[in-house]
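Only one chain comes next, encoded as structure tokens, the form predicted alone.
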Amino acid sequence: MAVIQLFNEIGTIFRNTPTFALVLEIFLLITVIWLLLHKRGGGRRRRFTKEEEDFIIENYEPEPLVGETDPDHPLLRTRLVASKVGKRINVDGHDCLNLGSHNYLGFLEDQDILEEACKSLRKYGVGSCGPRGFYGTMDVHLELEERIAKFMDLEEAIVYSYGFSTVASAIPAYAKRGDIIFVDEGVNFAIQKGLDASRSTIAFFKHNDVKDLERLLVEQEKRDQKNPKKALKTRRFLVAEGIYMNTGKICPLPELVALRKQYKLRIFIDESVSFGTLGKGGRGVTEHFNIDRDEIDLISAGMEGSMATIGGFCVGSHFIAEHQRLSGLGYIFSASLPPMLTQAAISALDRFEREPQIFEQLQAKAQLLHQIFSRFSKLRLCGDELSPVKHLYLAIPGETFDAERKRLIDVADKCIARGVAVVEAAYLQNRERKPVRPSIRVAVNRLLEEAEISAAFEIIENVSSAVL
């Protein structure tokens, strides 16, 4: 009776199943049976004689595990630092004024921050040994997120353990295949990796060129009118930096916000350089231009610059933060930020709130250095006068980027030997969207004195005049 009922049930299934589905299932069944019974290798293999096997083994040459390395590769040229990093630094045995480290506010040598970090080290140990979603969340992490959100006057923040992975994880957490992202062509490498991971359609506009961005938006609007159904499903993003690491220029945020409203874009701003350097209170490019931070969908920043620690954060609405706790790969799969470095960030925020005059001091030093360094005869200064990051290019371009890079390395080496630590900007040229012109990157420190800046100018001017 049970067997008859089973066959009746099977018959009912076959009668109610569409013909194309039955054909597809039969085809899949035949394919699985063929794969299981088919002998791989295409029939009988030829067996080698003992002499042939010995000959093959004797003449076998394995491929090298690592390919040939360029002897001039920049990673093979190391400079040895034999001191604590601060306003002064010992490089290759030379005591130098440090213009190479991104220590904008001088917090790397702040004793109060160091003591607070040491207290945290004695309390929690060195590392958390786990990602935030498991057993890596400690009270200092929650305190830092709360403090950042309060400082930026936004709903919620999320802290990452590595600055690079912050924006590289945030972008693909929201933008997916089928979306379109409008991006300044001068963005840093971390943003470029986030764009790659998103698999979205990328439209690059000329660096800091709002008119070129508007041209791309108008073209996209025309395409949307031709295919309104697709347009309804396509999300549009705009990505820029507050201060561009690769050029030192400030983004035209008011114009970007105006286009955001006009063309219904979601805007992401990476403030890794501008956070803690721009604005009266150090709140970045939004404060600098007096833009309501609610106009920005996501603000991200690395904490390696003005906060003199490690890690990064994203801040915005509650949704912006909570979504990344489930979709931000750098947050989910990385061990959390070590508690002592988290405490260092909290202590830096304490200084931000307690001594807001430090931002005005940094901006004054950036303007002073910009004014003095604009007088180079063989080098050309690039970057906004308020930016703590500036670039020195050859006044007369070389025949190739490689030739320029070698000459700038020679200038940097000789400057270090004479007591000024500057370095050529490092890029992964074969991985960048397009080759970046070589430069010497200069980082401003709030603790610099006018006499030190003038002395550094004289040394760099003498060296560049002799080398170039």
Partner chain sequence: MGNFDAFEQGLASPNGNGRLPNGHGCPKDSPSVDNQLKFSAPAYTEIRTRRCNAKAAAESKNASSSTYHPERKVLLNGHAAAAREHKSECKPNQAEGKLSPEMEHYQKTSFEEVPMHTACLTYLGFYLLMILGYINQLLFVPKVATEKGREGYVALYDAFESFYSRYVYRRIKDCWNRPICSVPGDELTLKDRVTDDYGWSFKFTGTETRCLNLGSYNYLGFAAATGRCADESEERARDAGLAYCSSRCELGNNAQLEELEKLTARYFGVEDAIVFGMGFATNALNLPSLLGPNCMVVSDEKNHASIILGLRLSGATIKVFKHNNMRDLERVLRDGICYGNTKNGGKPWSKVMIIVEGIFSMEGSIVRLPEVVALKKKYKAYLYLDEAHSVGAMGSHGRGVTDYYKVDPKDVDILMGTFTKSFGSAGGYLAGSKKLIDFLRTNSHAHCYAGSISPPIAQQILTSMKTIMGEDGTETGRNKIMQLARNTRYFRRRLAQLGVITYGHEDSPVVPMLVYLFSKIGAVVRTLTTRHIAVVGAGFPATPIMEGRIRFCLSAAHTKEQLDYALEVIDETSDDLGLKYSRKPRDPNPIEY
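The model shown is predicted, which means the values in this text are computed figures rather than measured ones. Residue numbers count along the first chain shown, from 1. Note that the rigid core is defined as the largest set of C-alphas that superpose within 1.5 Å between two forms.
Keep in mind that the form predicted in complex with the partner chain is missing from the display, and what follows is about it.
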- prompt: Are all three residues 216, 278 and 468 in contact with the partner chain in the model of the complex, where contact means a non-hydrogen atom within 4.5 Å?
  reply: no
Answer among 356 to 364, 133 to 141, 282 to 290, 370 to 378 for heavy atoms within 4.5 Å of the partner chain in the model of the complex: the stretch 133 to 141
Residue within 4.5 Å of the partner chain in the model of the complex by heavy atom, from 395, 210, 118, 180, is 118
Note: exactly one of 239, 344, 273, 159 sits with a heavy atom within 4.5 Å of the partner chain in the model of the complex, namely 344
ask   = So in the model of the complex, does any heavy atom of residue 91 sit within 4.5 Å of the partner chain?
value = yes
- Would residue 413 count as touching the partner chain in the model of the complex under a 4.5 Å heavy atom rule? no
How about residue 226 - does it come within 4.5 Å of the partner chain in the model of the complex, if we only consider non-hydrogen atoms? no
*Report whether the minimum heavy atom distance between residue 338 and the partner chain in the model of the complex is within 4.5 Å.*
yes
In sequence order, the residues of 271 to 303 that place a heavy atom within 4.5 Å of the partner chain in the model of the complex are 294, 295, 296, 297
Yes/no, residue 399 Cα shift of 2 Å or more between the shown form and the other one with rigid core fixed:
no
Quiz item: Taking the rigid core as the reference frame, is the Cα of residue 426 displaced by 2 Å or more between the shown form and the other one?
Solution: no
Original post:
By the 2 angstroms cut-off, has the C-alpha of residue 435 moved between the shown form and the other one once the rigid core is superposed?
Top reply: no
